[in-house]
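Below, in structure tokens: the form predicted on its own, a single chain.
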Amino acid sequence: MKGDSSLTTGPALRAILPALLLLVLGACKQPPDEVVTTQSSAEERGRVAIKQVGCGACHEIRGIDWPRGRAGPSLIGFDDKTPIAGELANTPAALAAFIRNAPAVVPGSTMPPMPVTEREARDIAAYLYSRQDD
């Protein structure tokens, strides 16, 4: 096809251009629902709670070096992911509720209820939102 400029101009290009535009737009990362700011004291308590409860047994979490489970989704870049479990708005309150009792919040979730207090769940959420991964 050397020298055939009909693929880069004319009808062929006009035919595939809309498909290429949709592909590029579809690949764009959706922005987070909101920018979340956290307090460093809550983040540290959250890091401690994550280690005590063992969230790393199922999830890869930035700042938690061991274990690095793969049974659940990676939580690296969590602040940019939306929605939580494919259903919940990516907000601290929704995440804390999901952490405490995922099956009640998202029926059919494979994540078990976690033995954490409401405060620990909020602190874990603070830790996850504080990890700037981009």
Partner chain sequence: MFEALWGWPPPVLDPAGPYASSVTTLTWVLVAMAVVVTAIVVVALWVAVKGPPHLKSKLGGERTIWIGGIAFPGVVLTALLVWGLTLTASLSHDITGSEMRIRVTGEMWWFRVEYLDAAGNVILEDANEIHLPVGRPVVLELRSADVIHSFWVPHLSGKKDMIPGRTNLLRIQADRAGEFGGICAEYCGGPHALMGFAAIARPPAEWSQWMRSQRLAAAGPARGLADDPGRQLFMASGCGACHRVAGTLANGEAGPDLTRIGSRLTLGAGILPNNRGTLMGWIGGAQSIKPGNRMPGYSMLSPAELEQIAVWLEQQK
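All figures in this text were calculated on a predicted structure; none of them were measured in a lab. Residue numbers count along the first chain shown, from 1.
FYI, the form predicted together with its partner chain isn't displayed, but the following is about it.
Contact test in the predicted complex: Pro107 vs its partner chain, heavy atoms, 4.5 Å: Looking in the predicted complex, residue contacts with its partner chain do not include Pro107, since no heavy atom lies within 4.5 Å.
Contact test in the predicted complex: Ala89 vs its partner chain, heavy atoms, 4.5 Å: No.
is_contact(Ser40, its partner chain) in the predicted complex, heavy atom dist at most 4.5 Å: No, Ser40 stays farther than 4.5 Å from its partner chain in the predicted complex.
4.5 angstroms heavy atom contact with its partner chain in the predicted complex for Gly69: Looking in the predicted complex, residue contacts with its partner chain include Gly69, since a heavy atom lies within 4.5 Å.
Listed residue (Ile76, Ala85, Ala94, Val53) with a non-hydrogen atom within 4.5 angstroms of its partner chain in the predicted complex: It is Val53.
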